[in-house]
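First, one chain by itself in structure tokens, the form predicted on its own.
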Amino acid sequence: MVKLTDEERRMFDGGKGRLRQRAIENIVRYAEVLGAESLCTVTKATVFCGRHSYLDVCGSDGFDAVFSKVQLGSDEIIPFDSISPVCSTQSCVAPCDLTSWAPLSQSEEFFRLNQDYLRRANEAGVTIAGTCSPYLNGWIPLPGEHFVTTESGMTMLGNSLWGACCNSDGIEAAFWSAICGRTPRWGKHVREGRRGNVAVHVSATPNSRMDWDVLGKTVGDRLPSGAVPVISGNFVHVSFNNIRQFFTALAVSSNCEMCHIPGITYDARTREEAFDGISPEVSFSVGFPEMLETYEKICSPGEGPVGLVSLGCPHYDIYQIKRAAELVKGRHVEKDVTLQVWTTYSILEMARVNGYLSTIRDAGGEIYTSTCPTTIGRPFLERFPGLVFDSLKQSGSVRSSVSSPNYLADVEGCVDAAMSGRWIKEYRWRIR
């Protein structure tokens, strides 16, 4: 039996309206399944708004009916008209860019429908941010703060780097928590669930963003279910962009929600502190040979024509856009290639003010927001004979949608491929 506070009991009994009642009913059932004895207050959330393709299962475009059926699990139509006043809530990626639809193989009708879904979420209190990287907008949970998110990389980042508390609850549960401001006190929300239980030694020395990306999947592929790895090695150049790339790749290649890197992540200044008195259940090492094996499995072999070059997963920050602008300045994208850079609304405006947007456009590229190729999906991706990404997450996710050759490179290799219109072996990753 889940113990509720007086405030939670009022919600559960309907004293805060039917929407909050339904949300906390779902949270309580979820807690009972998990074996959680109480709930904790959620003060930050990201939620999956917009008219995503998976909502087609409802056979309807009516917002209230779709939201009630899919997000609340209710045949009763319950209007989504508010979120918890204690929960700062942003939207994750949507299926459309902020302003464009035709270049992404979408209809204006679908674009307008998506805008209507976002408007309804905004009217309920969700801040429309349209990003997998809410921290770029100042949404940063503090140590000990309880949050929910629909983004696996954000779960890893918040738990590990900042010492905040989050489980991989999923799209529906994130909405429940944003509405009622509660989540089960279980898993990474309690100390016992945050202890390290797997020891990983890295013999390679990752330097670049791509190195860390490949390392993340290499470790993730080898983790047992429920792992909280403690990772040791000779780590240099551990920039924020390197570590968020690592966390993203680690999250999508496993069910890992948190890791410790002693001296870098919040909960563990030392290896002993990370394991908190327990012995590792599993230990293994990875190095350059294992990383190269991972890369070769992801990146298509051979050489060939390129149709799409996509930069930014997670969404680029302003300095990554600056670097892309430097690389394309004075050059021009090959006529049959689409070059895209993905970021947030706020970073796009900074790129415009600083001249990076015009530089990229002059070269034949474009900066988009709010979504990504994977979220847009097959109708867009199947147009291209070859795809090049600078993100292992994007490359791996797209692989299940289309059969075209799929290549993975650092930003320099990606830009060179966009300019030449071809993928050649010189663009392939090698650790330095």
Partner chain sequence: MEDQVIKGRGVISGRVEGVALVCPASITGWGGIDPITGIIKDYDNPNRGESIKGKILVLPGSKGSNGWSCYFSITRVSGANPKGMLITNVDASCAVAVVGLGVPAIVDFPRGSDPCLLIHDGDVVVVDGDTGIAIITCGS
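What you see is a predicted model; the values in this text were computed from it and never measured. Numbering follows the first chain given and starts at 1.
Absent from the display: the form predicted together with its partner chain. The rest refers to it.
The candidate spot formed by S253, S397 and S401 lies fully in contact with its partner chain in the model of the complex, as each residue has a heavy atom within 4.5 Å of it. Though the partner is left out of this view, Y117 does not reach within 4.5 Å of its partner chain in the model of the complex, counting heavy atoms only. Taking the partner from elsewhere, E382 is found to have every heavy atom lying beyond 4.5 Å of its partner chain in the model of the complex. Its partner chain in the model of the complex is approached by W176, whose closest heavy atom lies within 4.5 angstroms of it. Residue contact check for S91: none of its heavy atoms lie within 4.5 Å of its partner chain in the model of the complex. The single contact residue among W212, W139, W186, F80, judged by any heavy atom lying within 4.5 Å of its partner chain in the model of the complex, is W186. Residue K217 is the only one of H146, R244, R194, K217 with a heavy atom lying within 4.5 Å of its partner chain in the model of the complex. Of the candidate stretches 199-207, 306-314, 321-329, 244-252, only 244-252 contains residues with a heavy atom within 4.5 Å of its partner chain in the model of the complex.
Residues from 140-163 that approach its partner chain in the model of the complex with a non-hydrogen atom closer than or equal to 4.5 Å are T149, T150, E151, S152, T155, in the order they occur in the chain.
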